[in-house]
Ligand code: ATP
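Below sits a lone chain in structure tokens, taken as the form predicted alone.
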């Protein structure tokens, strides 16, 4: 069965950094389809207003319409209440079956907070992880990313994980593997884009043209 990637987020808005990153991951891990999954109500982002789900879905659909192997899933939008990743993974596992190779894609900063997520242990039982880092992020003053991740796994998840430097993968006898992958740095963020739009600064170069046009049409982030 083909590999399936799950890439969640608020996508408020989707931008070129998201797309470049996910396409790098898709190519490196030979993933047939990556599903971009916008959160309806993200549990960790309740301190600011978020664009309506319908608008974020529409922007995602526009962004991926010319990109093979990227699809948008309404899984979390269709669920009521807060968007919990463990429930999303359960839905995809049910959809594709127990033998499917599912990969949950997220950044290192988010991964080292995963112990605060709902029923996180079940995530490590049901899905493999691809943890994205940036080349050179392990500076002299801080440990390399694999050491940071090893310490986190030992302290918060299980001390049974062992790092294989040849594959960049943490392996465990009972839980799913955790893959470490350095992506090309892209200096763009959804927060920065919203700030540019709000201050009337140029922003169109940071987004797919169709997404920028949608934002202007709808008057979002003004």
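Residue numbers count along the first chain shown, from 1. Worth saying up front: this structure is predicted, and the values here are computed from it rather than measured.
Another form exists, predicted together with ligand ATP; not displayed. Remarks below refer to it.
Here the chain stands alone, but in the model of the complex its contact with ligand ATP, taken as any heavy atom within 4.5 Å, falls in 125-133 among 145-153, 80-88, 125-133, 93-101. Contact annotation: residue 48 falls within 4.5 Å of ligand ATP in the model of the complex, judged by heavy atom distances.
The shortest heavy atom separation between residue 182 and ligand ATP in the model of the complex exceeds 4.5 Å. Taking the partner from the other structure, ligand ATP in the model of the complex has a heavy atom within 4.5 Å of a heavy atom of residue 189. Contact check for residue 208: no non-hydrogen atom falls within 4.5 Å of ligand ATP in the model of the complex. Although ligand ATP is not shown here, in the model of the complex the stretch 94-133 places heavy atoms of 106, 107, 109, 110, 132, 133 within 4.5 Å of it, in sequence order.
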